[in-house]
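One chain is shown next in structure tokens, namely the form predicted alone.
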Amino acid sequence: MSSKSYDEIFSDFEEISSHYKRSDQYFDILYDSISSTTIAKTPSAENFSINAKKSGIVARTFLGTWKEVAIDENYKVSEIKQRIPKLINKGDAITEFESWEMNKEIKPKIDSLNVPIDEKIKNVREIFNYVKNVDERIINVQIRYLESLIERIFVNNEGCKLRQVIPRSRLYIIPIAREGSVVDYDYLIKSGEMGFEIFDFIDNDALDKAVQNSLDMLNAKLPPSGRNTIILDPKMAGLIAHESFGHGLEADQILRGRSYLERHLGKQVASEISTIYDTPSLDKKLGSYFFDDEGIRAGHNVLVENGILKNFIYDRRTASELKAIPQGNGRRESFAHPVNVRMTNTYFGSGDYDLKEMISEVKEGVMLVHGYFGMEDPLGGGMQCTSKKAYLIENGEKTKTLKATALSGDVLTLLKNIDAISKDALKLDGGTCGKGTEDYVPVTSGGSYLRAKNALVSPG
């Protein structure tokens, strides 16, 4: 299959799709191909893996539940007809959505596929050596570089004919510092829809700052415990939007009766100044694309508007059952994995406050920065998120650097206590998100700076 051109794949898929009448049943077929490289370096090991183009096909029909067949690239696609049954009068079992066509390739500035693996390793080594030698207190450096190129071709019997080719890159750098018996670290991350040019964003100034951030942690103090006014940086804001809030909006959880947010649709869930989005159509973000794995156009989903819960996050099936309009959140890790309702780029919208003003109005509080851990609780609505570092705020100024700080309590209480959002440009950081412990897909989260009153913090 991978030896065929995309025009040939389109032709094959359209012929198969025409075998199934939309009035009798819904049918779609997806070609999925991925090439990837991973390089990981520490003082004791240097590992890399290269996955040449892996591809496969998954086809399905809807019988009240999905009946689907996944085959690898060596099969003849004509076998789909033998393995997907023909139905009668089942076309209304799932809502019919927009028919449209697209053929789009994102062209990176530097195509990673054209860069030899030796050069990629060389760049990682250069970063490693530079960071290691900035300061004698840097005792360990961990670097992880990931790149991928995905191609997905989608056809269904509603008339969709879609193709997208998307490069993604991610670079993660951890300088680990020690002074005496104290060992600690901070991190630097860069990601997006891009190619090998990701290394252009990591210059010596950025590395020096990353090292200094880790060194600052050596003298960090334990954070206070108890209720405080807090300010969250974009990474922490994104952690709240994604982990603590977003998972409860996934409509499969709603249908299972496993989300505390089910009863809050159309009601206030946050302060009036708060708006939260999930937008797969954002430009050049790690969680972005043109269409999802069900052929739905990537949209702009306003989840919370002026504090009111407006929408859940849908795939085709949940949107059909809940009579909603999907925005492109039906995602597969690969052709060998199921479609799930998934977030994409989930973030708080900017406000109208100046950050310095937000800080100056706090007599006593904590500023949490560099979120790095969060747990979901879609059933109970509880929150447990941790920042890698924090700052004590005293009399309107940042003073002491604090160690990892945990933020816990009730999610909606925190959101309703937000009283200021900065007007800074949105900042989103990329990573991966699993559905439970599997089915990982690329996502981003973020926003600008948030301030909330009476939040529960403790040492992380």
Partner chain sequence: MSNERLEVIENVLKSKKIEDYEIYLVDKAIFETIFLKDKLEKEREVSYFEYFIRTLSQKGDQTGIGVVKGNSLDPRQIEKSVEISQLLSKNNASSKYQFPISAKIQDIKTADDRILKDPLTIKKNLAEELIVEAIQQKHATPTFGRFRIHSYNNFLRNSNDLNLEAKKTFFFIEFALKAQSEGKLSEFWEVGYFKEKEHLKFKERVSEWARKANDTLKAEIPKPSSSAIVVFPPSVLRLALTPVLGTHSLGKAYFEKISRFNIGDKVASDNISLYDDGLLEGGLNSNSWDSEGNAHQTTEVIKNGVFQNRLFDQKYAMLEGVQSTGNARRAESGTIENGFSNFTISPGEISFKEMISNIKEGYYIEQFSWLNPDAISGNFGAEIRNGYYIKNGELQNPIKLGNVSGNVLEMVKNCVCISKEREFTEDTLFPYMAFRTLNVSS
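Note that the structure is a prediction, hence the values are computed from the model and not measured. So that the term is clear: the rigid core is the largest set of C-alpha atoms that superpose within 1.5 Å between two forms. Numbering follows the first chain given and starts at 1.
Below, we refer to the form predicted together with the partner chain, which is not included among the displayed structures.
Discussion item. With a cut-off of 4.5 Å between heavy atoms, is Gln384 one of the residues that contacts the partner chain in the predicted complex?
Written reply: Because a heavy atom of Gln384 falls inside 4.5 Å of the partner chain in the predicted complex, the answer is yes.
Worksheet entry | Any non-hydrogen atom of Ala425 within 4.5 angstroms of the partner chain in the predicted complex | Outside the cut-off, so no.
Discussion item. In the predicted complex, is there a heavy atom of the partner chain that lies within 4.5 Å of any heavy atom of Glu46, even though the partner is absent here?
Written reply: Although the partner chain is absent here, Glu46 would touch it in the predicted complex, with heavy atoms inside 4.5 Å.
Worksheet item: Though only this chain appears here, would Arg83 touch the partner chain in the predicted complex if you measure heavy atom gaps against 4.5 Å?
Response: Answer yes; at least one heavy atom of Arg83 falls within 4.5 Å of the partner chain in the predicted complex.
Discussion item. If the cut-off is 4.5 angstroms on heavy atoms, which of these, Asn228, Gln142, Ser112, Thr279, is the one near the partner chain in the predicted complex?
Written reply: Among Asn228, Gln142, Ser112, Thr279, a heavy atom within 4.5 Å of the partner chain in the predicted complex occurs only for Gln142.
Item to complete: Scan Met375, Leu218, Leu322, Ala93 and let me know which has any heavy atom within 4.5 Å of the partner chain in the predicted complex.
Response: So the residue touching the partner chain in the predicted complex, by this definition, is Met375.
Discussion item. Among the candidate stretches 152 to 160, 70 to 78, 264 to 272, 302 to 310, which one is within 4.5 Å of the partner chain in the predicted complex when only heavy atoms are counted?
Written reply: Careful reading of the contacts points to 70 to 78.
Worksheet item: Which residues, if any, of 252 to 286 lie within 4.5 Å of the partner chain in the predicted complex when only heavy atoms count?
Response: If the 4.5 Å heavy-atom criterion is applied to the partner chain in the predicted complex, 252 to 286 yields Leu255, Arg256, Gly257, Arg258.
Worksheet item: Is the C-alpha displacement of Glu305 equal to or greater than 2 Å between this form and the one not shown once the rigid core has been superposed?
Response: The answer is no; the displacement is under 2 Å.
Discussion item. I want to check Glu119: does it shift between this form and the one not shown by 2 Å or more at the Cα, with the core superposed?
Written reply: Superposed on the core, Glu119 moves its C-alpha 2 Å or more between this form and the one not shown.
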